[in-house]
Structures are given as structure tokens and as C-alpha cells.
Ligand SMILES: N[C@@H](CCC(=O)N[C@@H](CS)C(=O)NCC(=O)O)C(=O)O
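Here you get one chain, nothing else, as C-alpha cells; it is the form predicted alone.
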């Protein structure tokens, strides 16, 4: 059995949980906040969420975990079989993660945790977020899924990363990054109804 370490409030924890549900994997959730304590650092070198445990061995970082899950449970596949299309999925994943979610995350302390960030950070975040959104808009397909005809890893990253970035953007800049693109908004609504994602959202709401 796989142990999934972290907290349900983490978007990346939720993403990995949805993947494991879709792949029919047997797993247990283990509450583990993001600390710098030795036991947590043994599982995840930067102390972040999530990490997984398999037979006493540990793996961190959502993309590495997703790759492992796809290797041990190939169906449903997270990437197309065509090498070019698979690469295009990963291209979209990286832009969503690096140029949208991680940029918006700079303002996370103020948006969700009552702390404050500098005006310089807010200004640079808003400007770089617009660039990142424009980059994603240039390559996202949304017909019917993020990268093409089939559900892929890009859809999970879109749902869980754009969701958090949208919350931050609304709180910090009074702008919904999802509402700005009707095609993405429609796809987000479709993904919210996907069984594994709906289950993850419902269970998170219970906490």
C-alpha cells in the first residue's frame, strides 16, 4: 500500500490523490504538515507536500510522483502514446505550474494566511502572472481537454493549480484568472465533475 503524506489543503496533495483514485491504487492518507523536522525531511527533502511512501522508501515532488504512478499503473494513462503529443502535455504542465501557480503563490501568505507581502512583490507578481497566463493561453487546447482529445496530466495540473492561483488572484488583485478565459472556465467546470476530482473536493470540504 502507498502512504500519501501531507494535508488535504495542499493543491498538490489533492492532485496526487486524484491521480491515485483514478488509477485504482490502494493508498492511505497520513497527515503530515510541511515542517523542517527530521522525520518529514527524510520523506521530502525540502519539507514540502506531498510525499509518498512505498515499502519504507519515499518520493517527493508531484511530477516525480505522477511519473511513478503512471509507471506502476499505466491505465488510465497520464500522457498520450505519441511522443510529440506527450511532450506537448508536459510543456503545458510546466507552464501552468511554473508560470502561473508558482508565480501566484508568492502572494499566498497574504492571500490566505493573514501575513503580508511587499508592494514590490504584489506588483511583480501581477505582471508576471499576466505573462504566464498569456503563455498558457497560447498553447492550451480545451477541445475537449487541456491538451487535446483525452484527459491527461495537464488537466489535473490545470484544475488544481489554476484553482489556487485563481483564489490568490481574486483576493490580491480582484481578478479571476479563470473567468478571463471562457474556454478554461468551461473546462474547469467539466473537470470539477470528473469522479476522482469531485471525490477529492468533497473530502477536502469535510475537513
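Keep in mind that what you see is a predicted model, and the values were worked out from it rather than measured. Residue numbers count along the first chain shown, from 1.
Separately, the form predicted in complex with the ligand exists; it is not shown, and the next lines address it.
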Heavy atoms within 4.5 Å of the ligand in the predicted bound form: which of the stretches 177 to 185, 138 to 146, 23 to 31, 59 to 67 has them? 59 to 67
The one residue among 49, 165, 153, 52 placing a heavy atom within 4.5 Å of the ligand in the predicted bound form is 49
Only one of 88, 105, 122, 130 comes within 4.5 Å of the ligand in the predicted bound form by heavy atoms, so just point that one out. 105
Should residue 10 be classed as touching the ligand in the predicted bound form when contacts are defined as heavy atoms within 4.5 Å? yes
Taking the ligand in the predicted bound form, which residues of 82 to 103 have any heavy atom within 4.5 Å of it? 97
